[in-house]
Structure formats: structure tokens, C-alpha cells
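Single chain ahead, written as C-alpha cells, the form predicted on its own.
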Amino acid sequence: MYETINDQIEVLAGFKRGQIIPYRFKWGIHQYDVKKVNLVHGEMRGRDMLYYFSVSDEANYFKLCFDASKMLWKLEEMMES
């Protein structure tokens, strides 16, 4: 089931060789461990740089967005398997 979310989330991420790597995120009362980063891309929206991450845990797929200018993360989409 595919769902559009657009909620702010808390993310535990690392920075390695100029890359952002999300490891875990919390959405409401749920916590998800990122098992795989499937795709990463960035885009400029006005003056803001946004980074999009397609990630998965053991059972679900998620689209995360990191707004570098505001230092905020959002869960944009989720697909439960």
C-alpha cells in the first residue's frame, strides 16, 4: 500500500566522504532501521538544497527528504509490502 505522508521526522544520520547516510528514523511512535539506501538525488528548490533518499527496512520502502538549509527531515512517502 502506497501512502503520501509529508511529516517531519527525527533521523540518525552519518556523514562520510561528502555523503549523507540515514541509519534510523523515528516517525511518531514508530522507529525504523534503514537496511538499504536504494537511491539518492538532490535538487535545488529556490535557494534551498533538498536531498531525497529512497530507503528500505526489512519490509517497507520510504522516501525521505533532507532540507539542508533548514536542517529538517521529512518522511514524504511510504510503501508497505
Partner chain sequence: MILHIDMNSYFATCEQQANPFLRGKPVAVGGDPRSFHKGEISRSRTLIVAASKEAKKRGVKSVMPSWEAVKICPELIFVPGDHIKYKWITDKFLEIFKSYSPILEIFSIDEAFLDVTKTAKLFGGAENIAKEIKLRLKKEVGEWMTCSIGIAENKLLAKLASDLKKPDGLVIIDENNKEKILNSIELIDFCGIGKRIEARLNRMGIFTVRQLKDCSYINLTKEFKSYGHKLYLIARGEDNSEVMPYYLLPDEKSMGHNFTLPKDVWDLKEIKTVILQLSEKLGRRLRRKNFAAKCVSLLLRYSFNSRVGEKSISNLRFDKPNFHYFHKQKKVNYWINDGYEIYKIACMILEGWQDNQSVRMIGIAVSCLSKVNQISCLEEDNKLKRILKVSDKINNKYGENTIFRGAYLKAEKSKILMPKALKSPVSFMRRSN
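Residue numbers count along the first chain shown, from 1. Just so you know, these numbers come straight off a predicted model, no measurement behind them.
From this point on, the text means the form predicted together with the partner chain, which you will not see here.
The putative spot formed by L12, Q31 and D67 is not touched by the partner chain in the model of the complex; no residue has a non-hydrogen atom within 4.5 angstroms of it. Contact check for K26: every heavy atom lies farther than 4.5 Å from the partner chain in the model of the complex. Under a 4.5 angstroms non-hydrogen atom cutoff, the partner chain in the model of the complex lacks L72 among its neighbouring residues. Mapping the unseen interface onto this chain, I5 falls outside it, with no heavy atom inside 4.5 Å of the partner chain in the model of the complex. Within 4.5 angstroms of the partner chain in the model of the complex, the stretch 55-78 places a non-hydrogen atom from each of S56, D57, E58, A59, N60, Y61, K63, taken in sequence order.
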